[in-house]
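This document starts with one chain, in the form predicted alone, laid out as structure tokens.
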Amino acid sequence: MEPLPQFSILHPSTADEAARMRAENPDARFLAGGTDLMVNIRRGIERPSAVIDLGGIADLSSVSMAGNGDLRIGASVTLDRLIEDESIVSRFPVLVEAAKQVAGSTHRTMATVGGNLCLDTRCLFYNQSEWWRQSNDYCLKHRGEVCHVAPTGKRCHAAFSGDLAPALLVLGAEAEIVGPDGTRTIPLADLYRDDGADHLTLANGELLTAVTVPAASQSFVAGYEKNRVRGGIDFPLAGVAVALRRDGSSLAGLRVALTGTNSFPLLIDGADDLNGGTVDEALLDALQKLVMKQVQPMRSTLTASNYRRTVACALARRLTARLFAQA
């Protein structure tokens, strides 16, 4: 780790002001908990001229319920707060499951919902010290011209590793975004693109301010599981969230999302085609084929890509069977 470089600290009081500051300072960075950003600054990966501290914006730290029962979670809500908030625990326990598996307990006192959703993509050739990266001629994601994971390709394969995104995706969450042109709301899935070097669709000056979970998602039983090298602290080698509804002995709704494998949190296409049948070995085999076809892990971690693909399939099968049994 290198000493912190010099940078200015800006203190907006509203989300609109924060967005304006970022638009005026394109190389500035938003700071909430800082558990990822400050490490990257110390490594020389990020070199912002200014840091925009979001801690003074009260609206970003609120949890509220709309008249229709939709739950709005501010982007600066800490993971500890998420875990302890009764309105979340009782209605959307999968978010608590996912939050509890982020890093260590001390990290969760600072880490935020928005920070986890906007987490930078990771790769063993990127998340290194300055001297290490320099000795390898950097990489396509940062200052280099070659992706060391796929040297003949033209794109970065760094993996998205946030734990909250798949849980929120299977709940049908939406993202609230504030920017220079006002506020817009999009499906959370549309916040991401399949590009490890530029995985967020946020325009210059835009800020993720909240996520909204629709009340209708309470009709689903949902869960999240992940595999990692160590049982605590580590990012997922593969993480899977599943939400399903049961009608008697039949599957009436199924959503599956993954993290840690692709450059964006992946909502599996075609899961709805499995509705109407019972969750038996044949259906789980069909689900495994969907996951196997769409998951695209590369050698961006210390473990082999095929291992992460196998783990993703196993987690999807196991979690779907468990949730169907308890629905």
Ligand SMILES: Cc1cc2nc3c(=O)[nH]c(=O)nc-3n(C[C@H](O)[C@H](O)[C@H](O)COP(=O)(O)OP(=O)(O)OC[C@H]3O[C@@H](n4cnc5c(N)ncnc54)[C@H](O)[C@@H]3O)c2cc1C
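Because the structure is a prediction, the values reported are computed rather than measured. Residue numbers here begin at 1 and follow the sequence given.
Heads up, the form predicted together with this ligand isn't pictured, but that's what we're talking about next.
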Closest heavy atom of G33 to this ligand in the predicted complex, within 4.5 Å or not? yes
How about L207: is it within 4.5 Å of this ligand in the predicted complex, going by heavy atoms? yes
Can you tell me whether L169 touches this ligand? I mean in the predicted complex, with a 4.5 angstroms heavy atom cut-off. no
Would you classify L202 as touching this ligand in the predicted complex, given a 4.5 Å non-hydrogen atom cut-off? yes
Which of 80-88, 214-222, 234-242, 181-189 has heavy atoms within 4.5 Å of this ligand in the predicted complex? 234-242
The unique member of A257, A175, V102, L71 whose heavy atoms fall within 4.5 Å of this ligand in the predicted complex: V102
Indicate whether the candidate residues L37, M110 and G115 are all in contact with this ligand in the predicted complex, with contact defined as any heavy atom within 4.5 Å. yes
Sequence-ordered residues of 152-178 touching this ligand in the predicted complex, heavy atom within 4.5 Å: S161, G162, D163
